[in-house]
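The chain that follows stands alone, in the form predicted alone, written as structure tokens.
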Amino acid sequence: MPPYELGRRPLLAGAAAALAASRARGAHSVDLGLPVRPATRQLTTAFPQKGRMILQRGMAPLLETPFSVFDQGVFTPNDAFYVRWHWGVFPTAIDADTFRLTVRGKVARPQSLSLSDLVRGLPQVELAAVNQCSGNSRGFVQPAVPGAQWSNGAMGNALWRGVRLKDVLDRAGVQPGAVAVRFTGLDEAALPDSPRFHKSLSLDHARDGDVMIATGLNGADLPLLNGFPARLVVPGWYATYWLKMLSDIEVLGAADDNYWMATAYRIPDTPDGGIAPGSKGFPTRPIGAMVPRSFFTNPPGPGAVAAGAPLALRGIAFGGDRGVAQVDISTDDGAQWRPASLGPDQGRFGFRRWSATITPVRGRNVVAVRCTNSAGLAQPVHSVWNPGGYMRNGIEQITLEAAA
């Protein structure tokens, strides 16, 4: 790892003007194949430290990773890592010399940690983990639900570098009676009556040794839009908990009842988080652990498949909050499955590459991929439905037309 540069980092400034200029130049668009309309989205290079991204929203920024990126390697490049902000009001610059992360509440020794404290003053750890928006793939949900109409690119896998949250809490000295830990970033609501974005974890989860405060992404500083100078990393859980620009940690003596825990980001309290469309009056719980997923990353284009000729397919998979145990392929609409080959294991929270060779028959071939995690949980044939469009993870399929 190269040494971290702790200089001043400019943040989003002039992005709106750059975005307008990009539109004026007639930027390219991409068809995401969504059942909702419009199914096309603009491609933009208007945002700092980002390459060509799929524009879902300008401010607060929602930028989706083009899916072809996931075929390039197991780690998602920093300049292609997706972006999701709740509020558009956050600093235009951060001075790394004056930045402080406070730790307060039910602690014996309140802390005011500098970036240098986080980078050099505490043991450093690295962890490969998938960061995935709770609503990734919401654009495919039927019946459709409100919210960002993402395709499958609101996710990324990275090597995160930072400190264990446990070490930070131990430094502060958690007092008896503490039950939860609340996290707040530097972003603020645009309107006075809108709720500040807070998320919390139980104390046991916060101190499990996996949750970390990251200052680095894939060997470099965090990009500004991905949370510089520090963000929470909650391996195996949806990204709503991964606070960006983390500035405040409060140890609580009671369960957190703020809006973003008690009202928002909740799922039906059913075993799989799903209900029948149109259901009313059902109990809910906060969203939490991710579920297994797998994808094709090199689907052949039209006319590229020959009947009777071997065809190499590849993709990525992750097990949610567990490791990938196996990935299986079906070429007959799921009637039979056979194992795919797995690439190197980067750890139980990261992507794992898979590959398989099939021999298409003449005509229509439906090929499906399914991931099973180390707890024995496999992707379902059909995705669950809930009003938030959360946790979509049904088996992915591609249809190939093979000519003789």
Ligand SMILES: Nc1nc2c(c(=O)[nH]1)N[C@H]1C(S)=C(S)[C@@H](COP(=O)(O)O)O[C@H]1N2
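Please read these numbers as outputs of a predicted model, since none were measured by experiment. Residue indices: 1-based, along the sequence shown.
Keep in mind the form predicted together with the ligand is missing from the figure; the text below concerns it.
So which of 210, 256, 187, 328 reaches within 4.5 angstroms of the ligand in the model of the complex, heavy atom to heavy atom?
-> Filtering the options by heavy-atom distance leaves 187.
Using heavy atoms only and a 4.5 Å cut-off, determine which of 114, 152, 78, 240 is in contact with the ligand in the model of the complex.
-> Contact with the ligand in the model of the complex is made by 240 alone.
The ligand contact in the model of the complex: residue 318, any heavy atom under 4.5 Å = Flag for residue 318 set to no.
Do residue 205 and the ligand come within 4.5 Å of each other in the model of the complex, heavy atoms counted?
-> No, residue 205 is distant from the partner.
Consider residue 86 of the chain shown here, and say whether it contacts the ligand in the model of the complex, taking contact as heavy atoms within 4.5 Å.
-> Close contact exists here: in the model of the complex, residue 86 approaches the ligand to within 4.5 Å, heavy atoms only.
Taking heavy atoms only, is residue 214 within 4.5 angstroms of the ligand in the model of the complex?
-> Contact with the ligand, no.
Is it true that 82, 231 and 265 each have at least one non-hydrogen atom within 4.5 Å of the ligand in the model of the complex?
-> Yes, the whole candidate spot contacts the ligand.
For the chain seen here without its partner, which of 94-102, 291-299, 125-133, 318-326 has a heavy atom within 4.5 Å of the ligand in the model of the complex?
-> In short, 125-133.
Contact set, 214-231 vs the ligand in the model of the complex - heavy atom within 4.5 angstroms = Contacting residues: 225, 226, 231.
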